[in-house]
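Just the one chain here, the form predicted alone, laid out as structure tokens.
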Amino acid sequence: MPELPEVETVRRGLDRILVGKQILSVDVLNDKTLQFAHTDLNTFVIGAKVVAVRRRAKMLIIDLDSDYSLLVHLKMTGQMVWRGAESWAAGHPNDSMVGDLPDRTTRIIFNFDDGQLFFNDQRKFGWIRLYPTNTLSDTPELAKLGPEPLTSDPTISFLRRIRRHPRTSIKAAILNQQVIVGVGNIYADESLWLAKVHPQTRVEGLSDDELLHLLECIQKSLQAGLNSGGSTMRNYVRVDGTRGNYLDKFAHVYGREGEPCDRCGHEIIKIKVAGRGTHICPNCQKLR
């Protein structure tokens, strides 16, 4: 699943390309992807102009001048490809980024007067939904989400929300999008290493100061990923088609099983926590 830096990388590209453009028509090649009525497509989407592209958690929001917004989740293999005077692609890297489109992975095509935006998705888990813009915060997808770690001050909300799960492992807690949004497996492992916290530690075993230090480490890890265009885990590339280099340049534990810890030299190991493969330094991150 994409994490915050990967989705934000996609958002920035879409915002640069799409704002001010009018959607002339939409070709729906897979009804499962477009999860709203075709009558609403004709009424609120076709003919509308894009006014902004935003992000909430791991979802994209495309605001239209019809006062409706498209809520988009790329899931595991979603991909956005623009073909016009310039070409770029963001999302799961495969031949669809550079080949002729539409192809067998294309699910939706947004047609503009100067190009086309293709929503490709190999596994068909991605989706696009439509809501009135002023009701977005109350939708089932967004209503219960936790605070944004990078674009707001999440301190008070983070502490209040994470304390609701006292006996939960700290890794499971920060993966919970109702506690804080945007953190997935990669950035959870990196943040816990930075904070010197074992991922199996229960929330109740950490003081408020320790939790706030972990929050700072989450922010630092996500920002590092964002600065480098996201992780290189076969899932996300930058809008100019190049791979993100987060893991190559900044990862301390994730994907480094058997390598020495950057901090103490001890061997990195891989365990399972909260049902997820988890990379730790057993010397730096001792279980309490």
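Model, not experiment: these values are computed from the prediction. In case it trips you up, residue 1 is the first one in the sequence shown, and so on. Note that the rigid core is defined as the largest set of C-alphas that superpose within 1.5 Å between two forms.
Just so you know, the form predicted together with the DNA exists too; it's not on screen, but the next bit is about it.
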Problem - Site check Glu6, Thr168 and Tyr254: each within 4.5 Å of the DNA in the model of the complex by heavy atom - result: yes
Problem - the DNA contact at Arg263 in the model of the complex, heavy atom, 4.5 Å - result: no
Exercise for the section: Find out whether any non-hydrogen atom of Lys32 is located within 4.5 angstroms of the DNA in the model of the complex, and reply yes or no. Expected result: yes
Problem - in the model of the complex, Gly205 touching the DNA (heavy atom, 4.5 Å) - result: no
Handout entry: Close approach of Arg160 to the DNA in the model of the complex, 4.5 Å, heavy atom
Key = no
Fill in the blank from the handout: the DNA in the model of the complex has a heavy atom of only one listed residue within 4.5 Å, and of Ala195, Ile186, Ile108, Ala89 that residue is Ile186
Problem - Answer range among 209 to 217, 146 to 154, 109 to 117, 75 to 83 for contact with the DNA, defined in the model of the complex as heavy atoms within 4.5 Å - result: 75 to 83
Completion exercise
Contacts from 113 to 132 to the DNA in the model of the complex (any heavy atom within 4.5 Å), listed N to C, are Gln122, Arg123, Lys124, Phe125
Problem - Shift of Gln122 between this form and the one not shown at or above 2 Å (CA, core fit) - result: yes
Practice task
Establish whether a shift of 2 Å or more occurs at the C-alpha of Arg107 between this form and the one not shown, with the two forms superposed on the rigid core.
Solution key: yes
Exercise for the section: Return yes or no for Ala52: a CA shift of at least 2 Å between this form and the one not shown, with the rigid core superposed? Expected result: no
